[in-house]
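Given next, in C-alpha cells, is a single chain: the form predicted alone.
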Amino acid sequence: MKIALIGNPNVGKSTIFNALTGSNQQVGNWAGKTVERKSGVLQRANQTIELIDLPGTYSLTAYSQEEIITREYILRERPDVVMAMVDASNIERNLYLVLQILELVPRIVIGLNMMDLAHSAGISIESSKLASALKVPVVEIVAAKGKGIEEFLSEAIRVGSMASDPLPVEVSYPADLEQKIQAMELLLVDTPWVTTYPLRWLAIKCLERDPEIGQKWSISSTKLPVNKTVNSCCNNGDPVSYELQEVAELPGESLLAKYEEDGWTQDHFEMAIADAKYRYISSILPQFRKHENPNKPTLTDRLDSWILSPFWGYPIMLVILALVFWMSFIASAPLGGAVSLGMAWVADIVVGLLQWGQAPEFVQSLVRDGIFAGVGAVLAFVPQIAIFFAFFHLCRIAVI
C-alpha cells in the first residue's frame, strides 16, 4: 500500500513521519528539484506500507516547486490513500488544501493536529461533525506528544483497503461559475483524459488554463547500489524521474476564448474558484468549530484589531519600519564605534609587542593597517546586522 502524507508547512508532518518510520527512511531530492524527498517503509498487519512525506504546501496550484511536486505525485503515482494533516488552531487555511485534495482523490483521512494549542486558544472543534461536513474520516492527534498517531495510520489503512471509493463532499460554486464548469465538463466527458484525471477537477483546471493538463509522462526509476556503511536514515533511495512523452490539446479553446471576451480571464477563474472554496469553508465552520468565551478577546485579538486595521495598519507598519531602521543604523552606531575602538586598542597592543620584538616596519603596518583595520571595519557592522535580524526574527514570529 502506498500512502501520501500531505499538509501545510509546519503542521507536524515530519513528526508523524519520523514516529511511524523511525530509521527506515530514504532521504534525497525529487528529480530535477532542490526539494527534499522523504519516504519510509513500515509493516502493519502483515502489510508493507510505503509512506511518502510530501513537501509542505498551502495549495495544489502549480506555481511553487512544493506545489508542483505534491500534485505530480498524486496525479502520476496515485497513492492508495492520502493522510492530510490539519492544524486545528488554524483550520480555515488548512481546509483549503484539503478541498483541493478531495477534488483529486476520494480516499483521504484527516489528522486533526495541535488540538492542545486549539484548546489553549479557546477553540473547540468537534471532529465527528467535521467528518460529517466533509464526508471523510477525522482522527484527533497531538503529534508532538505521540497521541493518536497509530490511530491515524490505522484509519488510513482501513480507507486505503476499501473495496470502493467513498463519495467525498463537493464544493458548491456560484451559479455562474458552476454553469461554466459544467459546460467544460460536457466537452471533456468523452475524451480519454477523464480516465487520467477526475472530470470535475479536469474541467476546473482547463478553465484555469493549467499548463499541466494534456501532458503525458512516463515514470522511470534507476536502482542504485546500497552503501552498507551508511545508516538507512540517510540512504538516498532510488531516484525517480518523469519524462514528458506527449502534449495534447484538449477541447474547449473556443469556449475559453468566449469566456475571455466576457471578462473571465485565467486570473479571474483562479480567484473566483479560490474565493468559492473559502466561502464554502466559512459556511461549514460553524458546524464543528466553536470559540469558548467569544466575548473575551485575547491580547493577540486586541493587537490584531489594531495592526490589521485598514486605517491604523499602515501607520503602525511605518512606525515599526522606522523603529527597525533607527535601531539598526542610528542606535547601533555607538556599538559599532566601540567595536572599532576596541580593535584599535588591541592593534596598538599587538604593534607595541612587535616593536618591542623589533619586527620589520612592513609587518607592523600589515598588522595595524591591514589585519586589524580591515577586520575592525567589518566587525563594526556586526551590531547593525544583529539588531536588524533580531527585529526581522521578531516580526516573522509575530506573523506566524
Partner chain sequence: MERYLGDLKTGEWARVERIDGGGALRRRMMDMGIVPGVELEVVRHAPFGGPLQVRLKGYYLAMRRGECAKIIVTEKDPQYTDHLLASR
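Between two forms, the rigid core is defined as the largest C-alpha subset superposing within 1.5 Å. Bear in mind the structure is a predicted one, so any value in this text is a computation, not a measurement. Residue numbers count along the first chain shown, from 1.
Beyond the structure shown, there is the form predicted together with the partner chain, which is absent from this document and is the topic of what follows.
With the partner omitted from this view, the residue of D80, E185, E270, E140 that lies near the partner chain in the predicted complex is E270 [heavy atom within 4.5 Å]. Note on the partner interface in the predicted complex: the residue among T191, N90, S328, S127 having a heavy atom within 4.5 angstroms of the partner chain is N90. Proximity of E67 to the partner chain in the predicted complex: non-hydrogen atoms within 4.5 Å are present. Under a 4.5 angstroms non-hydrogen atom cutoff, the partner chain in the predicted complex lacks A322 among its neighbouring residues. Residue contact check for S59: one or more of its heavy atoms lie within 4.5 Å of the partner chain in the predicted complex. At a distance threshold of 4.5 angstroms between non-hydrogen atoms, I316 is out of contact with the partner chain in the predicted complex.
Heavy atoms within 4.5 Å of the partner chain in the predicted complex are found in one stretch of 131-139, 162-170, 146-154, 304-312, which is 304-312.
Here the marked residues G374, V378 and F389 all miss the partner chain in the predicted complex; none has a heavy atom within 4.5 angstroms. Residues from 93-123 that approach the partner chain in the predicted complex with a non-hydrogen atom closer than or equal to 4.5 Å are R93, Y96, Q100, in the order they occur in the chain. Comparing the forms between this form and the one not shown on their rigid core, the Cα displacement of M271 stays under 2 Å.
When the rigid core is held fixed, the Cα atom of L186 travels less than 2 angstroms between this form and the one not shown. After superposing the rigid core, the C-alpha of M317 moves by 2 Å or more between this form and the one not shown.
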